[in-house]
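Just so you know, structure 1 and structure 2 below are the same protein chain in two forms, each on its own as structure tokens.
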Structure 1
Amino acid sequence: MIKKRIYFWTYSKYISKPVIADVILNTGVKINILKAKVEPQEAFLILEIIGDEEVVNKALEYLSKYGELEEIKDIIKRDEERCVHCGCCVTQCPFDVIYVSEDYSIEFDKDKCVGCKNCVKACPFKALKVLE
């Protein structure tokens, strides 16, 4: 079982097609939609794709027919100079990525981050960036 997180931009001509449902039904992959935004030229999604490696690859191949995709790696960046470990970001994270360690410092479990930006908006020091 593997888990991959991707950005997915659906081509405009497929916006009204139920692409995600098709991928799930045709490949048996599990998909967790973390973000979805429909705009005039494209639809943008952040997806978590879960399944056996073979199934995940099949799903990615299927998706690539309907849009562009990019795997998400280390999407959150912290400016270590700016961050003072105040903790304002901790409760903003829906995925428990951010936690307070025993020595009062704020740590990130970056692998779990989906780039929702809730922490970025809450940071009083503008120390957080989500790569796009």
Structure 2
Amino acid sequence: MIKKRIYFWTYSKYISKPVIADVILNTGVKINILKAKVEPQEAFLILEIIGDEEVVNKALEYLSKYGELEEIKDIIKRDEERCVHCGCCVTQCPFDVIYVSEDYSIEFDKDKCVGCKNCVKACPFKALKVLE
């Protein structure tokens, strides 16, 4: 399983095509769309691609025909100097990305993050940022 961001420019002939369905049908890969954003100048999807290495590589090659692929390392970033581990973000996360550890500090399971920004909105210290 890997996460990738694919950018489509809205003037692209592919923006109104069933690209993800096409990739799934032609490669057999499983894809979760974690986030989708469409703006006047560009559009992107954050995808979780699931399958064995050969199938995933085939899907990535197929996807690269439709837009620019970018690897996603981290979606959420915390400013350690601003964060006071108050926990406001924990209750707002619908994906259980953020949790309280045994020592009562706030921890993140960044692999689960989809960039919904609920935590960013909840943080009174503006210590969280979602990378786009």
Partner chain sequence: MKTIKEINEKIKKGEAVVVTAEEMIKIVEEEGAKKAADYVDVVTTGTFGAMCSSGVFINFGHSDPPIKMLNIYLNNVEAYGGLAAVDTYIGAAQPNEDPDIDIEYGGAHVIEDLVRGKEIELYAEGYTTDCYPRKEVNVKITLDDVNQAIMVNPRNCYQAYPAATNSREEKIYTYMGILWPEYGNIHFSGAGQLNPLQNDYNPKTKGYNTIGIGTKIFLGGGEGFIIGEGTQHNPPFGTLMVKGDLKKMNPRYVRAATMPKYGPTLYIGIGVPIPVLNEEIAKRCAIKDEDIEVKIYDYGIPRRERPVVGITNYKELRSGKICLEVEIDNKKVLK
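Each residue is numbered by where it sits in the sequence of structure 1, with counting from 1. Note that the structure is a prediction, hence the values are computed from the model and not measured. If you superpose the two forms and keep the largest set of C-alpha atoms that fall within 1.5 Å, you have the rigid core.
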Pair member that is the form predicted together with the partner chain: 1
Using the rigid core as the reference frame, would you say Val114 shifts its C-alpha by 2 Å or more between the two structures? yes
